[in-house]
Each structure stands twice: as structure tokens, then as C-alpha cells.
Ligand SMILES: NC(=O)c1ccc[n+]([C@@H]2O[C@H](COP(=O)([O-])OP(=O)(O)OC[C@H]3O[C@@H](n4cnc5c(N)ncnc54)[C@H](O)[C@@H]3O)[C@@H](O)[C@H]2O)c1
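Below, in C-alpha cells: the form predicted alone, a single chain.
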Amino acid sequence: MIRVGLVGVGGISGAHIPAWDGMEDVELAALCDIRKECLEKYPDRHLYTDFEEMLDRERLDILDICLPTYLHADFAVRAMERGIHVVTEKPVSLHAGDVERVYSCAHRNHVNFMVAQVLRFWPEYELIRELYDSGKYGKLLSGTMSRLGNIPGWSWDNWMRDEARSGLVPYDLHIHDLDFMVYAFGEPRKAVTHRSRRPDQDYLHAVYEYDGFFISAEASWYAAPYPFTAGFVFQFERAVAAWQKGKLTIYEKDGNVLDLSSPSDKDTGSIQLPKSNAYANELRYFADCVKAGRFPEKVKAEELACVIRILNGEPA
């Protein structure tokens, strides 16, 4: 049985906690947060308001970090130096230099480390990578990706609105799509970015150029109560793949339309996407790597550093 401790019982932990609970070979044994009120709904766990006390008192195989962005790297190092495997929410840091710091700590202490870049485990996005690699519909010509919502007002100490602690829209939202691009297509050769930023809102639009295609991406914290939406459209030579309103559709050049998001009794000649939880997928992958004594290679250090460099406008 793998014993897991989780620190940071805030927003994203609401996806992580049920994911861990759904694994038969895992026990989410301990939770830690400085806010006692966040722990009250989990009376069946070992609860802590002090991180070092949790590490001292618990025998943990894995630490799951769901803290604010600016704390990820430091807390990861503190746990790994005790021989604990660490998975942390994205991003690893706002500074590219922290990538080397956390990965060298992991290797030095012979433990696993992974940043939970969830789109790498999201079936709809994984399919785009497969279509690109296989060339099933010919060459990729263009793509659009979006991740839009309103400015968060719920974060502890309002840390998400503090650029020094959160990185704002580039690191909260846009990083998902950029990370997927680097993972699926490699480092873009050029990036052109426009941003509209005010104290009460933040919007970013970027175009990333590759050899033979380009991808346009937008992300927002609007001041108005705009509902959160995310999606994409990828144009290949012989098809368009679109994920919109939670539905993935492939429009083939010959006029055939494939709905890959819902089960079908008909033989369409294509594989229907499984219904899955990407947060559970990434944590399951990490737990399996720990069990097998295998370092998690699906999220690579050099790709993480590349994304941070691009977001910070730093040279390669």
C-alpha cells in the first residue's frame, strides 16, 4: 500500500483527493494546511497544520503538493531530502533555474519527481499528439487553443492576483496550452505575444510558429463573470479536429464526421475515446512509476524549463 500525504487543501486538491481515494493500492493518509477550516471536512485522515510535523510523524511514500505556485519548489526539496517521492501541481516554479534544483535533488536522493501538467494525460489532447506523430490526416497546418475565465477571487491571501507569487494568467492558464505544444510538437521557433493587463483583469494572446504550421493561443482572467471554457481546433491536411464544450469531433476531408467523445454502437472504423479523469490519470501514472522504481519520463525537465523560458521571454 502506497501512503500519500497532501499539502495544500485548496482549490485543486478537490481534484486530487478523490483521485487518490479511487486507487485501491493507495492510502491518502495525511492532509496538511495552515487553515484548520479546510481540514474539517476530512475527519478520517491524519490532519496537520504544520508541514514539518506531518513529515516527522507520517511514513509517506509520496507527497502531493497543491500549494500556491511560489511554494512548489521549496516544499518539493524539503520532502525529497527526506527520501519522499514528490508530485507537484503546475508550474514547478516561476523561475527556470528551479527546474534544475528540484530535479537534481530528486536524482541525488533517488526519488521520483513530477510536475502534474495535466494536459499530457488528457485523452482529447493526447489524441492530437497521436495524430501529429502518426500523420494519419497528413501534416498539421494550424491550431487554435483557448483557456478563458474570470479573475479568481477565492485564493488564500489573494495570492493568485499577486504576480510575484502566481505569475498571473501566463502561469495559471496559458501554461497548460504552451506546455502541451512543447510536449507534442517541440519548442517553437518563434513566439509573438500580445497582452492586455490591468489590476482587475489579464488577457494574453500568442502565436507560436513552427516549421510548416503555427498555433494561436489565448488565455484570460476577465473582470466580468465569464464562465470558464477551454478548447482547441487543429487543422490537418485531411481533417479538422475540434474539442469544444467538452465534445471532440473530427471532420474528415471526405465529409465524414466522427464524434469521439461519446460511445457508439456503430462501427465507424475509429476508436472512441475512453471516459477518464485526467487528474486521476496523471496521479495513477506517478504512483505506478513509484511502484515500479521507474523515473516518470512523460514530463521532462528540459520541456518544463523551455516553457518557463518562453513565458519569461528569456533566450534559449
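What you see is a predicted model, and the numbers here were worked out from it, not measured in a lab. Residues carry their position along the shown sequence, with the first being 1.
One more form of this protein should be noted, the form predicted in complex with the named molecule, which is absent from this view; the next part is about it.
Enquirer: Based on heavy atom distances of at most 4.5 Å to the named molecule in the predicted bound form, which listed stretch, 55-63, 250-258, 283-291, 32-40, is the contact stretch?
Expert: Every other range fails; the passing one is 32-40.
Enquirer: P296 near the named molecule in the predicted bound form, any heavy atom under 4.5 Å?
Expert: Close contact is absent here: in the predicted bound form, P296 is far from the named molecule, nothing within 4.5 Å, heavy atoms only.
Enquirer: Answer for H72 alone: is it within 4.5 Å of the named molecule in the predicted bound form, judged on heavy atom distances?
Expert: Yes, H72 lies within 4.5 Å of the named molecule in the predicted bound form.
Enquirer: Taking any heavy atom pair closer than or equal to 4.5 Å as contact, tell me whether V9 reaches the named molecule in the predicted bound form.
Expert: Result yes; V9 sits at the interface with the named molecule in the predicted bound form.
Enquirer: Quick check on H176: any heavy atom within 4.5 Å of the named molecule in the predicted bound form?
Expert: Contact with the named molecule, yes.
Enquirer: Quick one: from H95, K90, R101, R161, grab the residue that has a heavy atom within 4.5 Å of the named molecule in the predicted bound form.
Expert: Here the answer is residue option K90.
Enquirer: Can you tell me which residues in 118-137 come within 4.5 angstroms of the named molecule in the predicted bound form, by heavy atoms?
Expert: Read in sequence order, the lone residue that approaches the named molecule (within 4.5 Å, in the predicted bound form) is V118.
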